[in-house]
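In the block that follows, a single chain appears as structure tokens, in the form predicted on its own.
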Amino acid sequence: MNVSQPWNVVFLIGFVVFYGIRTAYVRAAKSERTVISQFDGLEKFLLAIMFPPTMLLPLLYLFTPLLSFADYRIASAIPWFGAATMVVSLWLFWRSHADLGKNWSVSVELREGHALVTRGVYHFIRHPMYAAIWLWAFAQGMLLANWLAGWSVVPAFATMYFLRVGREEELMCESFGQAYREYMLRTGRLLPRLKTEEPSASSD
């Protein structure tokens, strides 16, 4: 088992914190009624492909020898970058949940009384939670010296992100109209815009 190795312990601590944050907000979200949902076949597929690289493979690597064939030697400096990236990821993951509050959901949907959130980290970027998961994916790769347990999360999350983010923004445009379109002009998806665009004169 690899769980006793120092960088794997660091990853495991972060793993527990990451899913502790998510579990707390999943429970809070269950109290809010869903009014619009896109929990269709594609959404189920995207959530399903995330389970092996984010849960199953890391735990198999840490607690069993089953993935030892995919181990590799990692440069000594890389896990330090991984740990720093993980800390930033966890902060941003928590902050993006906290700023959304009751408006957050695990899939593409709107809750009763859903409001357009543009405060906190959402003042700068539209999808800080996705940004946090991108950071987590690379942190996992840098901390776990195993091709499957460490890096398989990157292509899996890339698939989810690129197939989901457009649908999510389309739903937001349909629900919040010009307010969301103007929000899109002054924010980036994952990084702050260096220069904001001027909104057009047209309105809904």
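One rule holds for the numbers: they count along the sequence shown, beginning at 1. Quick caveat, the model's predicted, so the values are computed rather than measured.
The same protein also exists as the form predicted together with S-adenosyl-L-homocysteine; that form is not shown, yet it is the one meant from here on.
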Which one, 84, 75, 116, 98, lies within 4.5 Å of S-adenosyl-L-homocysteine in the model of the complex by heavy atoms? 116
In the model of the complex, does residue 129 come within 4.5 Å of S-adenosyl-L-homocysteine, counting heavy atoms only? yes
S-adenosyl-L-homocysteine contact in the model of the complex: residue 134, any heavy atom under 4.5 Å: no
Check whether residue 148 has any heavy atom within 4.5 Å of a heavy atom of S-adenosyl-L-homocysteine in the model of the complex, and answer yes or no. no
Though only this chain appears here, would residue 172 touch S-adenosyl-L-homocysteine in the model of the complex if you measure heavy atom gaps against 4.5 Å? yes
Segment assignment from 61 to 69, 45 to 53, 139 to 147, 164 to 172: heavy atom within 4.5 Å of S-adenosyl-L-homocysteine in the model of the complex: 164 to 172
Just to make sure I understand: among 69 to 107, which residues lie within 4.5 Å of S-adenosyl-L-homocysteine in the model of the complex, judging by heavy atoms? 100, 103, 104, 105, 107
